[in-house]
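Just one chain is shown here, as structure tokens, and it is the form predicted alone.
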């Protein structure tokens, strides 16, 4: 059996562990694996490389994706790119394709299954933890730890200069990352897309903190949080039409400094949150996902995508219903808010 694999969308700690596990499991069953480079772009352009078990073995702890990634959407130019993709799929002699990605990458996979019955198995991934498919996605734990490490470093300079530090995290439409990191560092306030920003309450909480003798503060804000009466700054859009947001951290910092009259700084963590080696938790989860995906491919269970409920990995049909967005469970936010002064 010959199995292809590609990684699409934003890079994510744990992707190489998935690739390694798929290649190893398929090889153990007597098959072979080929990796397509840069997501769907690799299939459109016929860019690939073989994945031998001995080659992928050292990849377990490496961040990013050795295969490369992109946000290429074949359906943006369907008359040209989709036929090329199908031709290269056939020329590669594939019996199955494992697609690792978020809702956009997997959405393309779902359309290819529906339109052409391609033998695809999906693996969900996102550092934002916003897929309904999984209680927790690999890459999320690593990203939370990156934010925690950065904030702990920022806290020392905030203490030294008696400042408020506003830290902008990723989180386009959900606040999982900001909320979990905020709880882990004991942030003084957390702002997420699911809860409208109440500037008056934010400033009041920070004022009470300073009056109690604590002369610095840490505020975490997800990039998708909506500032009152201000449209988010759209930096650009990509193939799937999603805007790349930015600027809410600066708006929040300006409001704090203006109303509280305290020196306030903004730090945008950006792509730091995607980088670095995956944590042990993410290595284990990604390995389990890779093994499960390979098993589905070997058994011919195509048109499916993996799910994670608790600690149990299962599979469901890969369709639009499976790719729904999972917003932050506000019970977590309420726990974080218990420590807002």
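Here the structure is a predicted model, which is why all the values come from computation and not from measurement. Positions refer to the first chain, counted from 1.
The discussion below concerns the form predicted together with ligand F6P, not included here.
- For the three marked residues, 153, 188 and 253, no heavy atom of any sits within 4.5 Å of ligand F6P in the predicted complex.
- Comparing 75-83, 203-211, 167-175, 253-261 against ligand F6P in the predicted complex, the single stretch with non-hydrogen atoms within 4.5 angstroms of it is 167-175.
- Contact between residue 141 and ligand F6P in the predicted complex is not found at the 4.5 Å heavy atom cutoff.
- Heavy atoms of residue 45 never reach within 4.5 Å of ligand F6P in the predicted complex, leaving it off the interface.
- Proximity of residue 216 to ligand F6P in the predicted complex falls outside the 4.5 Å heavy atom cutoff.
- Contact check for residue 127: a heavy atom falls within 4.5 Å of ligand F6P in the predicted complex.
- Proximity to ligand F6P in the predicted complex, taken as a non-hydrogen atom within 4.5 angstroms, holds for one residue of 62, 274, 281, 288, which is 274.
- Though ligand F6P is absent from this view, in the predicted complex it lies within 4.5 Å of a heavy atom of just one residue from 71, 226, 111, 265, which is 71.
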